[in-house]
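Next up: a single chain in structure tokens, the form predicted alone.
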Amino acid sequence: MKRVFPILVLALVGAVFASLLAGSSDLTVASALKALVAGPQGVLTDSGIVWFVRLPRTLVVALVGAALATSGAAFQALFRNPMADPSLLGIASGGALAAVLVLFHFPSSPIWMLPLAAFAGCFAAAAILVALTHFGGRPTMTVTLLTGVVLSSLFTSGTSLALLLSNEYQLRQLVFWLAGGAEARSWTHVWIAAPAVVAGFVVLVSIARWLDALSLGEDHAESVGVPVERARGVVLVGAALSVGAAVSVCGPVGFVGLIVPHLMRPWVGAASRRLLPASALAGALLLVSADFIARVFLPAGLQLGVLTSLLGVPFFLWLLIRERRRML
């Protein structure tokens, strides 16, 4: 167990460096190292490729993976639902709808408007989900999933309406963004995402004990002195910060928050103080690796969100079958 974190860190560093080598202009290991050492002001052509094209894209992808995986682990504890994921529960769709409305109605708005709108959309979607699932009693896994599906359909319908009302140029922009990708990401996107992702992570880790108590049920949480309503609100704020930042810079990327926590629990346990950091590292590793594979081995133009869905749907079905067998 103690070796998991060093292994994840080393694997993530290796994946990031491998990502710097791949692209339309292949770089050797030596040239990439020279470019990194030379810095962004280096006179080499490779310095510009590494520092202004590939490194910001890779960092954006890593931040998105960490944000989604951490939020997925937190939601699974909050809802006591192994299927909980920002995309499956409609939370990412709420952020995407809010972001699309900004892109559609205020295309010349300040750049900070997009993450702010995505955060507001994610928080509103999460709050509605909590309210609906707790209406009339304690939520079950089936109720939570069905409510999430309904909300996701509602928000997706709103997004589709915005697409139908847009002109050809806006339509191409919105469709490309909604597919979930990291093309043409710059340091501006890194600075947009990083503060919110880090803040969301800190918020969630700071209430790790509350998350562990909530994962055992609200009655248990109350019996050990956890302020349940306050804890729920803090989880929503932390997760909305992370997911909103991810959606604003990379569009909706699904299933990362579902897959990663389940992969990490056998290695680090279910305690949130270890699961959340492990999920952050593994989520970043998964998405950086997926982006690398998409660029090197798969058809050009395949968006990251499409690839994660291809990976996530079979995993979701396997998990659903496993949980149904447990309930029998």
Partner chain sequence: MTPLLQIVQVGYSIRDKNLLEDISTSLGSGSMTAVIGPNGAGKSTLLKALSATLHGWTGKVFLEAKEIRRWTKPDLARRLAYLPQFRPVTVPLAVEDLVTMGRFPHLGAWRPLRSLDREAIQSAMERMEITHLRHRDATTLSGGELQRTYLARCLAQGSSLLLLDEPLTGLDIGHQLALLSILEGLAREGKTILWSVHDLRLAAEHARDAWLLDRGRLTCQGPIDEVLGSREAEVAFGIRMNRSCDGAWRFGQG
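Since the model is a prediction, treat every value here as computed from it, not as a measurement. Positions refer to the first chain, counted from 1.
Beyond what is shown, the protein has a form predicted together with its partner chain; the following relates to that form.
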item	value
Partner-contacting position among Ser206, Ser153, Asn167, Ser109 - heavy atom within 4.5 Å of its partner chain in the model of the complex	Ser206
Heavy atom within 4.5 Å of its partner chain in the model of the complex - residue from Phe255, Phe123, Phe201, Trp210	Trp210
Touches its partner chain in the model of the complex: Ser223 (any heavy atom, 4.5 Å)	yes
Lys34: touches its partner chain in the model of the complex, heavy atom cutoff 4.5 angstroms	no
In the model of the complex, Asp219 touching its partner chain (heavy atom, 4.5 Å)	yes
4.5 Å heavy atom contact, Ile293 to its partner chain in the model of the complex	no
Stretch from 64-72, 269-277, 51-59, 282-290 whose residues place a heavy atom within 4.5 Å of its partner chain in the model of the complex	269-277
